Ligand code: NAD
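Coming up is one lone chain in structure tokens, specifically the form predicted on its own.
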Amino acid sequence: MKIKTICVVGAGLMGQQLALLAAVSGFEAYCADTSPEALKKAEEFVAGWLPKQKAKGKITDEQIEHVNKSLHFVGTLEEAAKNADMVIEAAVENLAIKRSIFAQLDKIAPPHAILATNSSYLVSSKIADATARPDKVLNMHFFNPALVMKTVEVVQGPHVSDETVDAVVEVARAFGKNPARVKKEIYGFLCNRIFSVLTKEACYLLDQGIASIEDIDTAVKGAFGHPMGPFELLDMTGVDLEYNLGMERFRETGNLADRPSPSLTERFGRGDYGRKTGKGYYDYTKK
């Protein structure tokens, strides 16, 4: 199947980047969100990003022309998905909400369309039965910022056909990404399982007063060669995302060890979600 039109659900930080990435890569792209404010911010992001990339020599006039003609921000799923060959859902990390979205998409999108979720942790087998096309429902997990990060995890659950995986891998390559095939479903996939172990231990060391935020980040970067420390990365990806994922996992397992750490919970309660709010583990308001 030749994928020409891609629909992205959600115009937040991730969704707007995915829609722009699709358009820059030559696809017809639609991005749907019920929030007029989110759509406006997404349009402003694109308008600011394109000339900066041209000035750096990273995109051509031809690509800019294609984006301006082929990228559409719309307020309804119906308009965005009715002609889609593939949908990438980038909504909030909440299983009930995702199942509702996929049930709607199944009625709107053409029968051949692949329905992918960008969920960081939730496996597609928890969503697929909300549709009549489980063989075409899978995880396609990008990393933030999606316009920059090269890795994309393509996860094949037991319900997903080989043809679907092959098609999504080709889309990832067309996006200029390096797809990593995950042969079996597992909570958190590859990278987030590894990252969650590092994050959990970093939060434990902080909560116990063993070391400061700065010293933990400095140690990790210096010893392991990581470009960012665990707390810097949490601030970039979003404290709220990590908290919600932890709570989703805790509700599923009932294991107290799966609850978000005190330092994470404290910042979530204050609304200090990281870079996007100006404060997280670090204060960005003075920078």
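Position 1 is the first residue in the sequence shown; the rest follow in order. The structure displayed is predicted, hence computed values, not measured ones.
Below, we turn to the form predicted together with the ligand, even though it does not appear here.
- Note on the partner interface in the predicted bound form: the residue among N83, S196, N144, Q156 having a heavy atom within 4.5 angstroms of the ligand is N144.
- Interface residue among L71, A90, C203, V152, judged by heavy atoms within 4.5 Å of the ligand in the predicted bound form: A90.
- Heavy atoms of every residue among S35, A38 and N118 are located within 4.5 Å of the ligand in the predicted bound form.
- Within 4.5 Å of any heavy atom of the ligand in the predicted bound form lies no heavy atom of V148.
- Contact check for M14: a heavy atom falls within 4.5 Å of the ligand in the predicted bound form.
- Among residues of the shown chain, V9 is one whose heavy atoms approach the ligand to within 4.5 Å in the predicted bound form.
- Using a 4.5 Å cutoff between non-hydrogen atoms, V171 does not count as a contact of the ligand in the predicted bound form.
- Heavy atoms closer than or equal to 4.5 Å to the ligand in the predicted bound form belong, across 96 to 119, to the residues I97, K98, I101, N118, S119, ordered by sequence position.
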